[in-house]
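Quick heads-up: it's one chain on its own, the form predicted on its own, in structure tokens.
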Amino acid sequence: MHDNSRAVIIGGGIAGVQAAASIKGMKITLITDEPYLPYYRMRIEEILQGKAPESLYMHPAQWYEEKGIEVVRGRAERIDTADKSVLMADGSSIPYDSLLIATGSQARKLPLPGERKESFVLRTASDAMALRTALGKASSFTVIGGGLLGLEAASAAAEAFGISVSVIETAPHILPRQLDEASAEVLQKKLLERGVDVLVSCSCVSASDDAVHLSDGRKVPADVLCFSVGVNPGKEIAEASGIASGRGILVDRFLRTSAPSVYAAGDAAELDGRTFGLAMHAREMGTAAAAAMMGNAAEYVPSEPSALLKVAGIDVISFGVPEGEARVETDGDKRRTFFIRSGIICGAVLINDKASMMSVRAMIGRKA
């Protein structure tokens, strides 16, 4: 690639910014449809606690200037793959030689019968600002979904507003993708101590303006209601542009889409039937996509999933898959659980034991 080649990136999340930081020798344009510079999305519960969105910025404005990255605020609507340009909502177009779609994902809402007029999701800084305003006038808050973001929102609201907070999870325990049942129970107790009531193995059947009604007949107060029930990959622009997509935007091992010189990375991409929702994979894919855009493509192989969570001030770290025979080591507040299948350690969960993180990570895939 030569110096006047143009790399355009649609999306200001971790994958997009990582790619922008990794591309050398090309003119870079980063398109974001948010009113803020790129920020760490996994920290947006801090906005509920009163922080300004600007305090979550990945980099200050000066960093983009120094790197020669042009940041365009606006919505990309379609890609003209023949003409090699991105068509914007305001009618302008941005030409590219190489294009990365890193549009992330959108939060889902569940259709709930009843008279409820307003509900929230927590995906963007603007979502967090709107939720914060609503919580300031509320006496109860209910989150539907016991995944990471839902628990962090619930915990932040309990701490910042001192109101009644409930989390409703359909699975038998919270964080079903990251934790085993016993570790989840430990965390659930700690959440209750911090004012978050967790209700598991139940679902919402309807909602009124001040409550939600559960499948087991209970009524839970909810002046403010927030959905945290997963995400949909941001594939709209690919679909509008005739680029192949399934659940996400289909890519090969080099993160190439079905359109020439167009790549996809992060939450929006689908590789070998799998979509990715972790920051670690977004960062890796951003680096891999940048290499491909510069003509140095290497096959992308996703790392084993690991998640470092901070829920209600408690460190929870999970590696690999929490399935198989569980072996627990505990001393009071710290707890380690190893999962063993066919004599091999295939997963681990650490609670309040950040110090062991690196040594435990190295054990995954080894003999027990």
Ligand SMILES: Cc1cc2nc3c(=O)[nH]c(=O)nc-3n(C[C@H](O)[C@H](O)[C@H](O)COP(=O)(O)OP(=O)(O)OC[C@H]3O[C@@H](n4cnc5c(N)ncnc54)[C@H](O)[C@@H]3O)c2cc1C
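Position 1 is the first residue in the sequence shown; the rest follow in order. Here the structure is a predicted model, which means the values were calculated and not measured.
Omitted here: the form predicted in complex with this ligand. The next part is about that form.
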- prompt: Just one of L308, I69, I340, V321 has a heavy atom within 4.5 Å of this ligand in the model of the complex. Which one?
  reply: L308
- request: Have a look at G195, P176, G277, P221 for me and say which one sits with a heavy atom within 4.5 Å of this ligand in the model of the complex.
  value: G277
query: Would A102 show up as a contact with this ligand in the model of the complex if we use heavy atoms at 4.5 Å?
result: yes
message: Contact with this ligand in the model of the complex for V251, defined as at least one heavy atom pair within 4.5 Å: yes or no?
response: no
message: So, E152 and this ligand: in the model of the complex, are they within 4.5 Å at any heavy atom pair?
response: yes
query: Heavy atom to heavy atom, is G74 within 4.5 Å of this ligand in the model of the complex?
result: yes
task: Mind telling me which stretch in 142-150, 241-249, 205-213, 186-194 gets its heavy atoms within 4.5 Å of this ligand in the model of the complex?
output: 142-150
message: For the stretch 242-267, I need every residue with any heavy atom inside 4.5 Å of this ligand in the model of the complex, listed N to C.
response: A265, G266, D267
